[in-house]
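Only one chain is shown below, in structure tokens, and it's the form predicted alone.
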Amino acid sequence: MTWDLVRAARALLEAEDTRTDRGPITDEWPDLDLDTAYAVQDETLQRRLNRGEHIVGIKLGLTSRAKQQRMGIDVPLTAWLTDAMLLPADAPVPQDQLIHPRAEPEIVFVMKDRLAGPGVTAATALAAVGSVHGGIEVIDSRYRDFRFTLPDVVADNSSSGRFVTGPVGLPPEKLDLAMEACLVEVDGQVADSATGAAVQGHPAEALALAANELGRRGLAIEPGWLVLTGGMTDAVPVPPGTTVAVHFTHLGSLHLTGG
């Protein structure tokens, strides 16, 4: 059988639904390029909507400039968030629904205005934000051992899994987001730390680049949507029995258990 975006979308959703990891699609479809990978991502979104899920926002990936250089891109990746990915506060990681979950701290925007590229700057992007929250994203690749190429991960909705946002929400003008720090603890031991500058130099820069990239595809970031601006640190595994805590300077603390 030849590969196309429908077959790729079906294969990735089947891997997700059955908790079965697989090899990269590019092993079998080496001609898969980035634009086609985004078309696969959109096809998987449509299938999610058809089964009753609803869009609640977008997530950004590869917002570290060093990681972008290694992957040969100069803008963040974008992917979709649906209500099925939202993890209620204090709920454990649903190990029976994920393959190999990992957690990473994020700065999360709640949008008050529509943001559509091209021409979006960091200043105009930040002006469209209603509130800023701390968050944890639980990523979960459908690819074995998290081995993939750039088109593979885009097609896989940038390793989406679950996410949780903290209860503290502040207006962006009250924060220095480049200096907003987070400390990651695993089982009570400090595992990593970072500031918002790890996200494209400033999370608003990442938001602007994402809005412009979506605009290139005829899409926009809508009012009320959540935007996960990208991992501030490397992701840490959350197997059963693990406890992860993330402490932000002004955005409060979040706790996540491995179930």
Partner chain sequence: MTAVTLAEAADVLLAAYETRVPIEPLVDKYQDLTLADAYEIQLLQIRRRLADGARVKGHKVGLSSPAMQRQMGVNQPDYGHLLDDMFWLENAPVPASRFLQPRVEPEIAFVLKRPLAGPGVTVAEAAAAVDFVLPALELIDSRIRDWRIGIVDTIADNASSGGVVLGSTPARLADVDLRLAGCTLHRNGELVGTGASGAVLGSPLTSLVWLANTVGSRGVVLEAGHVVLPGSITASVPVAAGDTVTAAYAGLGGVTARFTEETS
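Positions refer to the first chain, counted from 1. Keep in mind the model is a prediction, meaning the values are calculated, not measured.
One more form of this protein should be noted, the form predicted together with the partner chain, which is absent from this view; the next part is about it.
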{"query": "Contact of residue 247 with the partner chain in the predicted complex (heavy atom, 4.5 Å)", "finding": "yes"}
{"query": "Contact label in the predicted complex: residue 192 to the partner chain, heavy atom within 4.5 Å", "finding": "yes"}
{"query": "Any non-hydrogen atom of residue 113 within 4.5 angstroms of the partner chain in the predicted complex", "finding": "no"}
{"query": "Partner proximity in the predicted complex: residue 179 to the partner chain, non-hydrogen atom cutoff 4.5 Å", "finding": "yes"}
{"query": "Answer range among 143 to 151, 71 to 79, 182 to 190, 123 to 131 for contact with the partner chain, defined in the predicted complex as heavy atoms within 4.5 Å", "finding": "182 to 190"}
{"query": "Heavy atom within 4.5 Å of the partner chain in the predicted complex - the one residue of 226, 62, 198, 208 that qualifies", "finding": "198"}
{"query": "Partner contacts for 68 to 93, taking the partner chain in the predicted complex and a 4.5 Å heavy atom cut-off", "finding": "none"}
